[in-house]
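Just the one chain here, the form predicted on its own, laid out as structure tokens.
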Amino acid sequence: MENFNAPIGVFDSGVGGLTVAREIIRQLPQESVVYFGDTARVPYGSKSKDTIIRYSRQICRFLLTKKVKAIVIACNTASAFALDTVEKELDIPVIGVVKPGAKTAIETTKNKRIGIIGTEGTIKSELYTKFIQGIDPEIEVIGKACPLFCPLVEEGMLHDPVTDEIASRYLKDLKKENIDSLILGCTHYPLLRSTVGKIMGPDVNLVNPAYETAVSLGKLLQEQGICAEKNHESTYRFYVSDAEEKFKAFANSIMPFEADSIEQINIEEY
């Protein structure tokens, strides 16, 4: 890779992956980022594996036109269903958000009981369970799908009585399972961290895969010898497949800077 200063490609089904982009920008400030949010086709959690693979291939083809040097699949559903496929097809490094979060949960659990909340697709795939038990078969993994969390986050209802009520209902059964670590297994969910933490209580460690993915990406870039130069002035560009104004308002509410470079593209052309 000749251009060390080439950007990192990051993609998600919508705005949730901005939590991953935000962590990359915080931890790797010299790196540039090209973000794609598939806002026309969100949510991914209820779609089939074949559909998710097709979407992911289209997005990777688009990101390659931006000369990215690595791709982060900042979507748990796409990480679960499409990571293995696109990894084999591309000649640049690709990482997802599942393994970094799972590894941290394994390291932090003391009673070997880990909870995972995510979309229906992520929970049904049992990818977290398989990965965790592949490392430590004694760990019990309890999954709970929380499909309404994504639309609530997309609507900006982060601190709302409706969100509190739905979270209480979803997490009621998990609270009885005596878990000591809970993986926020969807990139939207870190934005509900305070709500989830309040319900689960102080004894449950919340694992944020967005943070762990940024750490893993930093290590990967070092291993591959493709880190941006220290004095490189980073740039951040955002692309969406629909609703660019809504995306912009959301991005500006959670990113550490004003996201003014947002462009809508027709992803079906890729």
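We number the residues from 1 along the sequence you see. Remember, predicted model here, so these are calculated numbers, not experimental data.
The form predicted together with a small molecule exists for this protein as well; it is not shown, and the discussion that follows is about that form.
For a residue to qualify, one of its non-hydrogen atoms must sit within 4.5 Å of the small molecule in the predicted bound form; none of T109, G143 and S181 qualifies. Proximity of Y239 to the small molecule in the predicted bound form falls outside the 4.5 Å heavy atom cutoff. With a 4.5 Å cutoff on heavy atoms, V72 does not count as touching the small molecule in the predicted bound form; it lies far away.
Contact annotation for F36: none of its heavy atoms lies within 4.5 Å of the small molecule in the predicted bound form. Interface residue remark: Y44 is counted as part of the site for the small molecule in the predicted bound form, having a heavy atom within 4.5 Å.
The single contact residue among I132, I114, C150, L192, judged by any heavy atom lying within 4.5 Å of the small molecule in the predicted bound form, is C150. Note on the interface: of 21-29, 5-13, 257-265, 243-251, the segment with non-hydrogen atoms within 4.5 angstroms of the small molecule in the predicted bound form is 5-13.
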